[in-house]
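Given next, in structure tokens, is a single chain: the form predicted alone.
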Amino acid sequence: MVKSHERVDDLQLKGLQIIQNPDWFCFGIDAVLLADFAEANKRAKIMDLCTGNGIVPLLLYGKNKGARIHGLEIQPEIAEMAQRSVRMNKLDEVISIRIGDASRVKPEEKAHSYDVVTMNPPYKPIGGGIVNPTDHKAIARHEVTAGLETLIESAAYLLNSQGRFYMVHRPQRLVEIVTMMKKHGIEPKRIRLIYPKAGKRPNIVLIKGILGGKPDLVMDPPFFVYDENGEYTPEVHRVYEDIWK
């Protein structure tokens, strides 16, 4: 089940494990923060776009046992690795990972059929630099296969009325994100900025939106990852405890 260059990591969450390939990428704190930020009940139908190795579906399952969770990943090798993680955890009846382009969800997916959509998309737009379109890390980091607006449009297509959208991204693109969400009918409701430590600029933003929601934006308190001694702050420990409890 585990191939060369892969490893199995213990998530220390209800006995769950995940297969990862360090030559491609491994999940980071942004995925953990997204899973913590997302709210769903145990009867929810959830879609995770740009699911990668399936870390967000696995963490969401740990938080919301009973929810039906789907993941969509464009890179076949990475989707297949995520599928093996699901099988290894014996969650085939709860989590479904399929190969597909998150920017082109029609006609495979029925419109307005999900209660929650989560997304940890590539953060970097294609600019003047050369990006290898076949490199796994490049596809994960750059908008090689899909732009941000097409992904947000897909989320709007998938969400039912009053469905919830959760995304993690970079603060530099926050104005762009909010503009595109509103354009496609997703009203921004919560924003939280993540700072590496006090005195530094934020490097992660979490945003929640509701399809067809009324304007009422709340800015959450700032979130600091490290304290002055380079140790995780109590808030980070709270996140891990809430997910891993």
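Numbers follow the displayed sequence, beginning with 1. Just so it is clear, the structure is predicted and the values come from calculations on it, not from any experiment.
If you look for the form predicted in complex with a further copy of the same chain, you will not find it shown, but the lines that follow are about it.
Of the candidate stretches 65-73, 51-59, 172-180, 38-46, only 172-180 has residues whose heavy atoms lie within 4.5 Å of a further copy of the same chain in the predicted bound form. Using a 4.5 Å heavy atom cutoff, none of Val105, Pro107 and Tyr157 lies near a further copy of the same chain in the predicted bound form.
Taking a 4.5 Å heavy atom cutoff to a further copy of the same chain in the predicted bound form, the contact residue among Gly15, Pro221, Gly230, Pro22 is Pro221. Residue contact with a further copy of the same chain in the predicted bound form: Leu33 places no heavy atom within 4.5 Å of it.
Using a 4.5 angstroms limit between non-hydrogen atoms, Leu193 touches a further copy of the same chain in the predicted bound form. When contacts are judged by a 4.5 Å heavy atom cut-off, Arg201 counts as touching a further copy of the same chain in the predicted bound form.
Using a 4.5 angstroms limit between non-hydrogen atoms, Ile29 is distant from a further copy of the same chain in the predicted bound form. In this stretch, 39-61, not one residue has a heavy atom within 4.5 Å of a further copy of the same chain in the predicted bound form; the partner itself is omitted from this view.
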